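Have a look below at one chain only, the form predicted alone, in structure tokens format.
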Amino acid sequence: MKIVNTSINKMDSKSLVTGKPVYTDDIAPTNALIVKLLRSPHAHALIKSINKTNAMKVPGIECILTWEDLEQNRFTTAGQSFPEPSPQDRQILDRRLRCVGDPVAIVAGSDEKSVLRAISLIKVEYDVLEPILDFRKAKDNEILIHPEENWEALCQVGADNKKNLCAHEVFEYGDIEGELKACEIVIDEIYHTKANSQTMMEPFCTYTHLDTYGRLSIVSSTQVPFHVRRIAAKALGLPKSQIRVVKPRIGGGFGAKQSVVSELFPAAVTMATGKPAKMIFTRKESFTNGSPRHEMEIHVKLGANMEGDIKAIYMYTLSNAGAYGDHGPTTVGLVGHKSMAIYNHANAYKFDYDVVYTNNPWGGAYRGYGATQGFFALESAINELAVKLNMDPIELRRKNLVQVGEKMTAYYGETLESCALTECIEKAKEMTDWDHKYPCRDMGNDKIRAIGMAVAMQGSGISNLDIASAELKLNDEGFYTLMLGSADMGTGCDTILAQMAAECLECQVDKIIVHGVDTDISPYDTGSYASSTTYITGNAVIKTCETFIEKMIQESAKILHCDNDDLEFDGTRIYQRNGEKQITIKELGNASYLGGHNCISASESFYSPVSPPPFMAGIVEIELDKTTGQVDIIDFAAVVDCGTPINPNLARIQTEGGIAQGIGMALFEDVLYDKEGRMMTDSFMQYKIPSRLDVGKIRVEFESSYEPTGPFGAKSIGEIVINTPAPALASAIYNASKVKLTELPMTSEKILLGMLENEKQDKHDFTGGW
């Protein structure tokens, strides 16, 4: 390979670092109406009346829309393939308000000051209802979050709005109760993970206008342009043919923009006024009414014999969907199916869950998509099992990890074709000098250094469902245009897909022009989520290139008056094997644009019956202050098996970013509400994410396997990288303090209180550990 597996720069890097106008707000027209929302102050209420008379008198106000002005179609904002598993439980504006911040009215005007003035003059009379704010009390509660009769679940996901259930399922293999009863040791713990905000630097942002033909054009910072078109069509009551969605560069998504968040409000204004409109969420709105990670409580029972052979794994998950069911039925599935499968030798598995509605803000997709919560719970239980067995946690994992060629019962029965996890663990162990540092060292100054580890797996796209396409054409002068429907959200997928095409076409990357997503002209792609782009879209690019080369040879054969079978392609020309005739790609490109010849293009689609998992081992070394509970990260060693890294530098950056996010989830990020359901952590002053100074030294290495179904042997890397920090840190904290924390974030206050409690019980002992 000459181009693949090399670290070229991102194709858009110069534009991004020099501040070129590439993002949605940069390119929105200056005359666009400013759109903002009057939002609900109540967690649960019915609108009795809205008086907008005085607000409409504010100079510059163009329109104020309420629930009575808009289509009453119910839909989901979750950007997933149709039929969406998420219940159809929303309206653009609804009379029933289900969380603080739910939209009450859409206000549009010529400038922000006028719009804010108008919002302050709207008079709303509410019938305030009792909310459900504790997700443990939601199921079968007499208070219903969605009592409406036109609530609908398109898929059989166990949803029942009369029980506040967004989803419910039971998966069982083997005799779980019998196996647990027979085990010599059982770990039985409940873990709690909070909601987390994705905190992408570019907030939710959309502008809309009517094009020359009167069609609605939506320009938006989104990961799922084609899903936006479908969802907007249903919500607005328009044919899909009347909607065009364009995706400019995206300033981060991390799953937040896999939902339709800001798109529908300016779209409704444009349809009502005929004028361009734009909506940019404030940072506060992005916190309070974005689509954060689901809060979950996970009950784990882990059974083994005294030799460390895991015999049974049971996981029950209670997931808090919040007010709406976006991604509720699907995130929860990864909690068990991704985490349990890595320990593939058990005799019995059981995974069941309830996803419940509450009057909290709704959850959504976030990097890791449920697997992150599941791995925190199960890997923490594995580390606790190692303690109980007095066994090195690396040795415990060696005995139980899935191996190549095994059928993974808990992972939808897929067979593992590639895995270098054992090598990943060995390399991480070597990088950190595990044998000398495990479990902890007293530094003699009220500081203890300790080490902890975890492993994880993820997937590569959604098997048998999601699809990607690519289109390639030859231009005159012999350069290529690669059309993609996947959404580069800053990860560099446009670059790596161009690298794959360049490898196939045996040319330099700069000969390939990549065109991002415009639903009018791009080939269909379900979007950038589920760690799919490298694997799914990458395979579509390779298929397209193969067909494209065949077409170039066919056209060359006509020009050269010879048989297709006599011709070869070498990247710069198509030539006859006997050396008599040839045509350069430049000559072929020019000829194809003249009468008597054919313009050359090709398009292919790809979907996969499997979702091959990438793997990762993470080992963290911390220094813990015994007087304050403060944790400083000294070193985080990450070793990733993503098959063939298409662009090692971009893969490394993905890994470093994901680890930083995982550290934030583990130690800092804490969504808090008051007793009325109002979010108190709605700014970067209250919601702390780690800075560069907080994450310590992060070291990334790759231990590549070769995935036979992947493009050039590649698997995904986007999500796997966030899954190990939380359980590894929990283990290191225990090794340093003997404080077992089962709730995130693991703050210094919790650690210190735990140490004080240990002292009180006279159980404090720094001589042992994991």
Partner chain sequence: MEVKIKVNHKNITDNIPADLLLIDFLRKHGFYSVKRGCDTANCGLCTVLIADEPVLSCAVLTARANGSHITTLEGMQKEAEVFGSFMADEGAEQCGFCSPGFIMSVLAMEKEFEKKGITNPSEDQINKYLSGNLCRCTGYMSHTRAIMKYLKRAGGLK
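Numbering follows the first chain given and starts at 1. In this text, all values refer to a predicted model and were calculated from it rather than measured experimentally.
The same protein has a further form, the form predicted together with the partner chain, not shown here; the description that follows concerns it.
Here the chain stands by itself, but in the predicted complex one stretch of 194 to 202, 307 to 315, 616 to 624, 159 to 167, 194 to 202, has heavy atoms within 4.5 Å of the partner chain. Heavy atoms of Lys14 reach within 4.5 Å of the partner chain in the predicted complex, making it an interface residue.
Put simply, Ser691 is close to the partner chain in the predicted complex: some heavy atom of it is within 4.5 Å. Within this chain, Pro85 is remote from the site of the partner chain in the predicted complex, having no heavy atom within 4.5 Å.
At the 4.5 Å threshold, heavy atoms of Thr30 reach the partner chain in the predicted complex. In the predicted complex, no residue of the candidate spot (Phe171, Cys183 and Asn344) has a heavy atom lying within 4.5 Å of the partner chain. Checking Glu417, Glu426, Glu656, Asp670 for any heavy atom within 4.5 Å of the partner chain in the predicted complex turns up a single hit: Glu656. This chain is displayed alone, yet in the predicted complex one of Ile542, Ile634, Leu650, Ala557 has a heavy atom within 4.5 Å of the partner chain; that residue is Leu650. Residues in 300 to 323 all lack a heavy atom within 4.5 Å of the partner chain in the predicted complex.
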